[in-house]
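Only one chain is shown below, in C-alpha cells, and it's the form predicted alone.
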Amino acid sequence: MTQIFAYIPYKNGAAEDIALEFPSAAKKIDESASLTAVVTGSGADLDKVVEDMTGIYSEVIKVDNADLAYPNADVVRKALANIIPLDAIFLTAHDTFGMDLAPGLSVKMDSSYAADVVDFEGIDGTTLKAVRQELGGAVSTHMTIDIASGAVMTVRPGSFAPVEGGSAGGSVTDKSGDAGDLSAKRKFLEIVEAEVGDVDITKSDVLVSIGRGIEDEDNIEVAQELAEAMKAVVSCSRPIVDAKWLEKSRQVGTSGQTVKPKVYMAMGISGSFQHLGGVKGNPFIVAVNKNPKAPIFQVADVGVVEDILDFMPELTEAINDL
C-alpha cells in the first residue's frame, strides 16, 4: 500500500486551506493509499491544529518541540527525516516555506523530487504520473516520477478540491521523541508583520484586483469607481506595486497579503501561482483578461475575454443603474 504523508502548515492555531486539499490530492495519486497528516510545533496552537486534523485525517502525527515553535525549514527538515519512512510519498504546500523545506528533504531521504504539482494521474508500478505548469501556466508538463525510493513533492494550493472536515475520529501518534537533534545553522529572530495601509484588504468581502492590464496609473481610477459601485476595495498584483502605483499593503500574493474574500474580481491579472497563493477561502472568482490563454481562467468561476478598460466602466454603469 502506498504511504502518503502531508505536512500541515498553520498560523495562530488555524490550519492553512491546503490541509483540506491534501486528501483529494492523495486520492488522485492512489485511491487506496494511506494518508497521514504531520503537524510540528509547540504549545496550544499545535494541540488545536492536531485536534482539528483528526476530523479530516485517519492518522495524525504530532511532533512537539520548542525548537519547532516557528517553522524553520532547517529544523523541520531534520525532524521529518527521522520520522517519514524513506519509501513514502511526502506532500507539502508549494509556498515559500514548502519551497525551502522540500528540496533538502528529498536529498536527506534520497528520494525523487517534484515541485509545484497541480494534478496527479495515478501510479503505474513504481512510476507516478503528475502534472505541473510552465511559462506562467501557459503550458502543462506531464511528468513521470520514480517513487521506488519515495518522493517529496510540493503541491500548488488551490489545485485540488477541498474536503469537508467531519467529527473527530482520527488517531494521534506522538513522535516528539523521534525528532532527534534539532540544532540548525539558521535561528529564528522575529516575525515582521506586513504593513497595513489606509485600507486593510484582508478584511474585505469583495476585492477588485488589478494587474498589468490596467496599463497606466491614471486608469486605477476606473477600478476605484467599480469598487465603489460594488462596495468593494481595490487590491492588486505585484507589478502594480513594483511600478509604485499602489502601496505594498494592497498587494495580493505570496510576497504580499493573504486574503479570503467572498468575491474576487481579477481584472487584467494573468494568474501566476505567486499571486493566487495569496487568495484563500475558495472565493467566487471573476476573471477578465484580453488573453484567452491566461492561467487565471483555469481557476475562475466566470471568465470574460475582454479589455478591462472597456469592461470595467460598463459594469460600473450597469451596477449604478440597478
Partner chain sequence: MEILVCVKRVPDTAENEFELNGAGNDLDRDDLVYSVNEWDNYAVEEAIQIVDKVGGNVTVVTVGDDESEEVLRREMAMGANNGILLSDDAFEGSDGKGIAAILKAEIEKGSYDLIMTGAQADEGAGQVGGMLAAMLDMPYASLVNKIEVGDSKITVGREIEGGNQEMNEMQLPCVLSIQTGINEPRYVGIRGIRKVAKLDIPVKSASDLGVEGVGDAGAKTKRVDYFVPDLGDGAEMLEGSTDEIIEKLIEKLKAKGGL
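Since the model is a prediction, treat every value here as computed from it, not as a measurement. Residue numbers count along the first chain shown, from 1. In this text, rigid core is short for the largest set of C-alphas that superpose within 1.5 Å between two forms.
There is another form of this protein, the form predicted in complex with the partner chain, and it is not shown here; the text below is about that form.
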Thinking of the partner chain in the predicted bound form, which stretch from 55 to 63, 42 to 50, 29 to 37, 259 to 267 has heavy atoms inside 4.5 Å of it? 259 to 267
Exactly one of 216, 164, 110, 221 has a non-hydrogen atom within 4.5 Å of the partner chain in the predicted bound form; which residue is it? 110
Tell me, which of 190, 198, 124, 181 has a heavy atom within 4.5 angstroms of the partner chain in the predicted bound form? 190
Can we say 141, 230 and 297 each have a non-hydrogen atom within 4.5 Å of the partner chain in the predicted bound form? yes
Distance check, residue 203 to the partner chain in the predicted bound form, heavy atom within 4.5 Å: no
Under a 4.5 Å heavy atom criterion, is residue 248 part of the interface with the partner chain in the predicted bound form? yes
Within a 4.5 Å heavy atom cut-off, is residue 95 in contact with the partner chain in the predicted bound form? yes
With a cut-off of 4.5 Å between heavy atoms, is residue 81 one of the residues that contacts the partner chain in the predicted bound form? no
After a core superposition, would you say residue 251 shifts its C-alpha by at least 2 Å between the shown form and the other one? yes
Given a superposition on the rigid core, I'd like a yes or no on whether residue 211 shifts its C-alpha by 2 Å or more between the shown form and the other one. yes
After fitting the core, residue 109 CA displacement of 2 Å or more between the shown form and the other one: no
